[in-house]
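A single chain comes next, written as structure tokens; it is the form predicted alone.
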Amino acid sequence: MPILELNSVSKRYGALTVTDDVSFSLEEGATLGIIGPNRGGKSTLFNLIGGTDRVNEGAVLFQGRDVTRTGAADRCHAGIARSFQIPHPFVGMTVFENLLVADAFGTTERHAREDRCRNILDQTGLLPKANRPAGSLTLLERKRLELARALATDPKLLLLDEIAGGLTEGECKSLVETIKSIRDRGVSIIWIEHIVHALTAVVERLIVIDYGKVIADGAPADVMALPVVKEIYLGIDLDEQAA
């Protein structure tokens, strides 16, 4: 059974359709990357999967259960966690306290929370910063904290929204290694990202979205070689090249 299924999902804001009849499924333990131009509907798709927005048509199934009308908190309890493009930690709390808050949304027994949070901080490279105020962290550290807070909810499906954005090449490589370690433990991952080489180092499948529609779906190398992807996503004018 797929861990996630989207069946003909559409989302409109007034007359504007931002997600247009999107269907795909994700197997348990699989990794999927999503790319596309800005304002193509990628983050809205995450909102629909995570439950912060409701679909107008179609259905969202998680582990075989219809969660289309289920709110974000209940989906988080069920095992869907998300990071956001711009980290917004509780800046007056310590890094460790930020994780304890996130852990309360998960399914872990209360007595195990502190140990779990320490393990997650170690996994994401933040254990030495555990007692630092979150407001004092660098961008990379805030990105790592955003990832750690998502992991603290004990997700079965992890949604990463441009988590590598704004990082240097070295910082990006470091973060990719952390995400690989999460993948290798069997957590299903969907990752939206503009830094394609980071994405393709982790995922086994790539979807391209433009104007809310899926225009390509397949192995990363095959998808990136498609003329429509080069033209729409990479900005290559194929008519000029042919001339």
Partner chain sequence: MAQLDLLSTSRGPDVTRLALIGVGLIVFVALAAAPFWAGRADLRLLMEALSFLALAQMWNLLAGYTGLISVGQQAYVGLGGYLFFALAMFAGIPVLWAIPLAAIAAGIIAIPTGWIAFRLQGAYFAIGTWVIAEVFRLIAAQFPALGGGSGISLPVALARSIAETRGGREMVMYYIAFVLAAGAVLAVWLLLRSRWGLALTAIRDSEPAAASLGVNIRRVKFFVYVGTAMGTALTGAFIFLQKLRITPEAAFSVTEWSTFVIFIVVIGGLGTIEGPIIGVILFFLLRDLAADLGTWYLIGLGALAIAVMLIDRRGIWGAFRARGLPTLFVTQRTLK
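Residue numbers count along the first chain shown, from 1. Owing to the predicted nature of the structure, the values given are computational and were not obtained by experimental measurement.
Just so it is clear, the following notes concern the form predicted together with its partner chain, a form of the same protein that is not shown.
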- request: Check, residue by residue, if 90, 114 and 121 all come within 4.5 Å of its partner chain in the predicted bound form, counting heavy atoms only.
  value: yes
- Is there a non-hydrogen atom of residue 139 within 4.5 angstroms of a non-hydrogen atom of its partner chain in the predicted bound form? no
| So in the predicted bound form, does any heavy atom of residue 52 sit within 4.5 Å of its partner chain? | yes
(message) I'd like to check something about residue 77: if you look in the predicted bound form, is any of its heavy atoms closer than or equal to 4.5 Å to a heavy atom of its partner chain?
(response) yes
Legend entry - 4.5 Å heavy atom contact, residue 131 to its partner chain in the predicted bound form: yes
